[in-house]
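Let's start with one chain on its own, the form predicted alone, as structure tokens.
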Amino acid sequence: MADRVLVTLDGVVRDADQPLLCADDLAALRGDGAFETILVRGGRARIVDMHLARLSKSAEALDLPAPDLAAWRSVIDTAAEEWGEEAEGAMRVVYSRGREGGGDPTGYVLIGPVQDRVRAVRTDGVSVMTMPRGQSVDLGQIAPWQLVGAKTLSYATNMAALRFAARYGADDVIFVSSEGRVLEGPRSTVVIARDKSLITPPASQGVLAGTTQRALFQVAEDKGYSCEYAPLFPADLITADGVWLLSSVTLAARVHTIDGLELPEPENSGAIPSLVDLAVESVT
């Protein structure tokens, strides 16, 4: 198994230690592009259909050419095969506008190892800080150029929020709208449990549609859960039977502390991670 795998959209397996982007690629200059992060497990990329569908929506929002999904799927499969079956991998699918002077868009797939931080929070959970995002839940409707709901390469604000939280001893962040509604994490979807109900904020409130969350809902409904998209407030996090941050590689991280308040561990704390694992295995 290689330490890293790099495959460009033309299907060529590249040396991941050699330069790839031109200095004027708009991915580097402006973060002008879209991306997806996909778990590789057992030599296979997981929940690929949902990721490619979201990549298409992000590209449309960015006025990028519609991605050739068959070509992307082929490159994803090639990269996963090169990575092998021995260990999990974190795959990044990157699609940028290309060079500033014009030409074709840039596209490639990069796989690296799953970080130790990710493995730890799967088991130990996370402490979070709620943080204002400084936007209304209506921002996407009144200002579509803000690209709310698109997964773009412009992640500087999200990473700054995580660094700010770390200064105060928190592992992660849950953003809150100007109306005081729960939105999402910088790199995750918020899901709460109330008995046999799972609830997540709707994408119409300015959150990214979560692939792992959607796969979870598909599986959970078959297991007798009711699954809802509904507004949430910070108080709902405190009173829920459990709060999770879901993402493609971390999968399910239980929130055990919010703004310094320790939450009781739910009796079925293992149920949601087990359902997410099932979703990763069964949903394409």
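Given the structure is predicted, the values throughout are model-derived calculations rather than measurements. Sequential numbering from 1, following the sequence displayed.
Keep in mind that the form predicted in complex with pyridoxal-5'-phosphate is not shown, yet the notes after this line are about it.
Interface residue among G185, G98, P201, G125 relative to pyridoxal-5'-phosphate in the predicted complex, by the heavy atom within 4.5 Å criterion: G185. In terms of contact with pyridoxal-5'-phosphate in the predicted complex, the residue from V48, L246, V243, V40 that brings a heavy atom within 4.5 Å is L246. Heavy atoms within 4.5 Å of pyridoxal-5'-phosphate in the predicted complex are found in one stretch of 68 to 76, 109 to 117, 147 to 155, 160 to 168, which is 147 to 155.
pyridoxal-5'-phosphate in the predicted complex comes within 4.5 Å of a heavy atom belonging to G210. Residue contact with pyridoxal-5'-phosphate in the predicted complex: T189 places a heavy atom within 4.5 Å of it. Of the heavy atoms in R54, some are within 4.5 Å of pyridoxal-5'-phosphate in the predicted complex.
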